[in-house]
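What follows is a single chain, given as structure tokens, in the form predicted alone.
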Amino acid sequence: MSNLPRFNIVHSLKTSSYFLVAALCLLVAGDAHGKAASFADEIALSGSHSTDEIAADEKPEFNARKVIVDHVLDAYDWHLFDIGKREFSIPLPVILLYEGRMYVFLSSRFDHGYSAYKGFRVSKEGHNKGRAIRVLDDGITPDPEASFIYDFSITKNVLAVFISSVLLCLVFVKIGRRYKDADIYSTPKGLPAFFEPLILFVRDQIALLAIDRKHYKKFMPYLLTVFFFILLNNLLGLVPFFPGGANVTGSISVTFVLAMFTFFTTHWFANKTYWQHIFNMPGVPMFLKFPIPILPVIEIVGAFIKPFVLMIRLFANITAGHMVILSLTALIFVLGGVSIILGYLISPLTVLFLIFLNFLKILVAFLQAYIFTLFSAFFFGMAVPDEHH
């Protein structure tokens, strides 16, 4: 295994920590739910608009659709486990800004979505499913005249982002110190020995493959950050207990922020050759550029489509994987509700499929981190072409 120069690794990991802090600020400042609730709800329900209103004092029985959708959506608390009809979860801070007034309380006030508090309630259905809405005095009926609610809550996905980012920062700092204290070409041990092949992989098979050797170093901190951030959250999403199980990279809000980082990084470092190819591409007939700028319009639209495709690809693949695994798990309980014999018969086959799919999901976790990082590197490489290209 070849050794990286000590300075390159230390500098890249240190700068990666700065990127993580910046990403945290953007994710928390924005609405953590975003539009993931309505988007994932449409995928799960396949256009169904049936209503299942639950009274405030009524606890539901097993509902496969609810379990699947609730898992892939964000939540105001972190569900741990159930004992009978009693739910145990970690309450999280709910921070709502409504009509100029700030409301701050713990999500336990919502009683897992069965109760209203201070005129707010978690919506059970519709395009606001899983989000806090304003309700009338009865505590159930949505207020049709309610104005927009600004939601800055520390939700399950936000807490998961905090946890994964802190873990990455601790690992990066520790590895950086190990390299700083070691000889330049000494054999790595411990954490550096585990992470160096991954760092070399990002450098050799992603950065150097897609970006010119003169420019790749300035993009390495971001590429390392996005690769390890997506990889860690994908793997944590497969862990069925705290602090795992959150659908971070399956949230459209998170993938949107990551795609925007790629978009702005691309155009911040873009050189004049890149901009020339967008607005006045050489070697192209003039009638395609003037007086009607057909080609420049196509290039500008393409610049926005690229990060959009990155966002949708990561979101759709991770969300679909979670839904398939949950659907197979729910099949046991659905058939068991029809007949206990059917439940027992389908269980061994379902468990075998689940084991296979979970191993496949581990592969997908690496694959999606690799694909997002690789395409980001390709966009960076196209932004810094040499003039003779």
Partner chain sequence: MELLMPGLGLVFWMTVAFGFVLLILKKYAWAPILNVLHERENKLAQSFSDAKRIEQEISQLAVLRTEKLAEAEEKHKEIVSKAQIDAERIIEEAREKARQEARLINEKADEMVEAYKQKAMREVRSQLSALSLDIAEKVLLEEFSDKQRNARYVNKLLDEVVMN
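It should be emphasised that the depicted structure is a prediction, and the values quoted were computed from it without experimental measurement. Numbering follows the first chain given and starts at 1.
Just so you know, the form predicted together with its partner chain exists too; it's not on screen, but the next bit is about it.
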None of 154, 135, 303, 295 but one has a heavy atom within 4.5 Å of its partner chain in the model of the complex; the exception is 154
The single option of 161, 318, 231, 211 touching its partner chain in the model of the complex, heavy atom within 4.5 Å: 161
Candidate stretches 270-278, 102-110, 168-176, 80-88 - the one whose heavy atoms come within 4.5 Å of its partner chain in the model of the complex: 168-176
Is there a heavy atom of residue 131 no more than 4.5 Å from a heavy atom of its partner chain in the model of the complex? yes
Taking any heavy atom pair closer than or equal to 4.5 Å as contact, tell me whether residue 243 reaches its partner chain in the model of the complex. no
Taking 4.5 angstroms as the cut-off for heavy atoms, does residue 217 touch its partner chain in the model of the complex? yes
Indicate whether residue 313 is a 4.5 Å heavy atom neighbour of its partner chain in the model of the complex. no
Heavy atom distance at most 4.5 Å to its partner chain in the model of the complex, all of 127, 148 and 196: yes
Residues within 4.5 Å of its partner chain in the model of the complex, restricted to 227-258 and counted by heavy atom: 228, 229, 251, 252, 253, 254, 256, 257, 258
